[in-house]
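Only one chain is shown below, in C-alpha cells, and it's the form predicted on its own.
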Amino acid sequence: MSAEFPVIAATVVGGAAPLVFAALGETITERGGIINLSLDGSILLSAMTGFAIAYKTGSVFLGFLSAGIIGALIAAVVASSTLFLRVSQVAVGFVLALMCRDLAYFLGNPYSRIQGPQLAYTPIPFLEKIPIIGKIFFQQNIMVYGSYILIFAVWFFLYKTRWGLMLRCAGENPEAAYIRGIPVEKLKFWFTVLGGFFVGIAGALYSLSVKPGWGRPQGAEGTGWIALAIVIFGGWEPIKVALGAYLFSFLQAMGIVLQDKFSSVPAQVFQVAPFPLMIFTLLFINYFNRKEIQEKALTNPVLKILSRILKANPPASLGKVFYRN
C-alpha cells in the first residue's frame, strides 16, 4: 500500500464533512416534501458569517452557531413562502441562492483575505493509533467526527422514530397525513429549518476548516448544487447520501493527485472534472430507474442488483404546495 494512501484518504474524509452536513440537511428537508434550492447561496453566506463572527469574537464555536442560524433563517424563508404564502418554493429557493451569494460577497468584503481562527485538529486518544484507519478517521477535527454521528443519527431518526415516520408521511402524502392528525405544516416548517441549520454548519466548515478564511471566490461556490445532486444520487437515503458526499470528495482529491502527475494538463481541467462526473453519475442512476430497465431487472440478476443499489424514488409531494382539504 502506498504511503500516500492514508493521507489522501484522510483528505477525502475531512473534505467530505461539509457535503455530508449539507446533503443530510437537505435530505431531512426533502423527506418532508420541501425542496430548498437556496443551498449554494446559503452555504456561502453562512461561510462568510461563520468566519466573520469567529474573527470578531475569537470563538470558533460562535462562528459555527451563527452560521447554523443563518442557514436556518434562510430555510425558514423557503418554508414560509410555500407553507403560508403558497408561493413556488423552487422559484424562492433559486432567487435566495443568487441573493445570498451576492450578499455574502458584499458583506464579506471587510473580512476578505485576512487571517482568522480555524478549527483545531483533535485526534481521538487510542483510536488515532489504529494502523491506517486511525490516521484516516480519527485524526480529524471535531466537526468531522460530528459528521460521522450525523449520518447514523439522521438514518435512525427517519427510520426508527415516530417523528421520522410522521415526517416521511408528510413528504409522501401530506393530505392523508393531515387527516390522520399529523401537524403537517409544523413538521415541514421545523424540519426544513433544522435542515437549513445543518447547511449553515456546512458553510462554516468551509471557512473555518476545509478552506480557511473568506474571499471571493471562497472556494465553496457550486457545492450547494452538488449537495442537491448528492441527495438525488443517494435516493433520499441518509447512508447512500453520505456515500455520495465521500465519492465527490474522492473525485476532488483525485483531481489534485492527477494534477501533480500530469502537469502538462491545465489545472482547471482537474478542478472542474468532478462536476461533470457527478452529472454523468446522475444520468447513470436515472437510466437504471427507467421503467423498462426495472422490468428487465426482474429477470436479469446483474441488473436486479444494480437496480436495487441505484434505485431512487423522491418523496411523492416533493416541491408541491400543500393545501388543507
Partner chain sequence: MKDKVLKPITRWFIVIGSVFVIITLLLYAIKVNPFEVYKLLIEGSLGSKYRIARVLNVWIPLVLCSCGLLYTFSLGLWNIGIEGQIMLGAIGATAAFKWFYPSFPSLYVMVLGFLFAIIAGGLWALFAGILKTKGGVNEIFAGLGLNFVAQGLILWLIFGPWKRPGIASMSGTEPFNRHLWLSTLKGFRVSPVALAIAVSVFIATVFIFKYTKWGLFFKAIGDNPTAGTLFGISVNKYSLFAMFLAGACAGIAGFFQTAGVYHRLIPAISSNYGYLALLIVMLANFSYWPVPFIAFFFACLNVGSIQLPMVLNIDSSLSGIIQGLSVLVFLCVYNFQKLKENSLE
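Numbering follows the first chain given and starts at 1. These numbers come from a predicted model, not from an experiment.
Keep in mind that the form predicted in complex with its partner chain is missing from the display, and what follows is about it.
Its partner chain is not shown here, and in the predicted complex it never comes within 4.5 Å of any heavy atom of residue 175. Its partner chain in the predicted complex is not approached by residue 55, whose heavy atoms all lie more than 4.5 angstroms from it. Among residues of the shown chain, residue 65 is not one whose heavy atoms approach its partner chain to within 4.5 Å in the predicted complex. Residue 101 belongs to the set of residues with a heavy atom inside 4.5 Å of its partner chain in the predicted complex. In summary, among the residues 111, 250, 155, 105, the only one with a non-hydrogen atom within 4.5 Å of its partner chain in the predicted complex is 105. Only one of 239, 179, 85, 165 comes within 4.5 Å of its partner chain in the predicted complex through a heavy atom, and that residue is 85. Taken together, the three residues 7, 12 and 134 lack any non-hydrogen atom within 4.5 angstroms of its partner chain in the predicted complex.
In short, of 76-84, 179-187, 157-165, 251-259 it is 76-84 that has heavy atoms within 4.5 Å of its partner chain in the predicted complex.
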